[in-house]
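Presented as structure tokens, the chain that follows is alone, the form predicted on its own.
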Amino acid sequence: MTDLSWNTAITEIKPNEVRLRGYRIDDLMGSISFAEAVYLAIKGELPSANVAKMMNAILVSSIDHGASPPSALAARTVASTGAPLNAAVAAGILSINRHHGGAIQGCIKVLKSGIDRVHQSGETVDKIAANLVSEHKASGKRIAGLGHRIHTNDPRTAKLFQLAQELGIAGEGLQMIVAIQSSLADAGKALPINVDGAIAAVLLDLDIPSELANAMFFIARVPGLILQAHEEQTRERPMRRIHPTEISYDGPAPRSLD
């Protein structure tokens, strides 16, 4: 060991051997899903079957949301200049911030604050949720994770919450965000829980570190950004004016897994 020596607990590399959190990568390959590998990398242990299913649902929920979100428009704009794929995707990732995708971490902060107050004060979740709503209203701040520019009832939220209940994962995080939504409605501002808020609640109940919460959106959205950039470069003329809403879908007709 020298003064320049340092440690990592993520991946061990030896000749002809790669281990993630102690497990051989070649043993994991074909044995676990990508969602399970992500959980293993983050938490250091393999998830239970129910947690694995929940993690997979979270990643699928945010894979893409059309060409109009800021990250997709950013990726398409850069792709339109003739930039390489990695630059276009990087532009999309860099546009994920507090008001787009990055609301997950902000929502977790609010939810955790409310849960901590419940534990400290002994007051009900509904009472604390009402206090949080009043405080945010008084300060003119929005509560991250609620409201959507398109959906009045985000189908992704409904499915994530349904799975969380069925898989025995729903806990204080989900309970708090539902109480906050109810308090907002009582205060005259009915807003849907968006997918960021749903993911925040579930990640809190899964005990995922809050500082890594937004990373779940990054991981999930990369495939969508890749395809948005690729489609821009293969279907559209270079350096075009990209209108954010004048978009027509011409892909497969609605179909079901059945």
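A quick note: this is a predicted structure, and the numbers were derived from the prediction, not measured. Throughout, we count residues from 1 along the sequence that is shown.
The discussion below concerns the form predicted in complex with another copy of the chain, not included here.
Proximity of Ser33 to another copy of the chain in the predicted complex: non-hydrogen atoms within 4.5 Å are present.
Taking the partner from the other structure, another copy of the chain in the predicted complex has a heavy atom within 4.5 Å of a heavy atom of Asp26. Under a 4.5 angstroms non-hydrogen atom cutoff, another copy of the chain in the predicted complex lacks Ala49 among its neighbouring residues. By the criterion of a heavy atom within 4.5 Å, Ala41 is counted among the residues contacting another copy of the chain in the predicted complex. Of the candidate stretches 174 to 182, 131 to 139, 117 to 125, 159 to 167, only 159 to 167 has residues with heavy atoms within 4.5 Å of another copy of the chain in the predicted complex.
Residues of 4 to 39 lying near another copy of the chain in the predicted complex, listed in sequence order, are Leu4, Ser5, Trp6, Asn7, Thr8, Ala9, Ile10, Thr11, Glu12, Ile13, Lys14, Pro15, Asn16, Glu17, Val18, Arg19, Leu20, Arg21, Gly22, Tyr23, Arg24, Ile25, Asp26, Asp27, Leu28, Met29, Gly30, Ser31, Ile32, Ser33, Phe34, Ala37, Val38, the criterion being any heavy atom within 4.5 Å.
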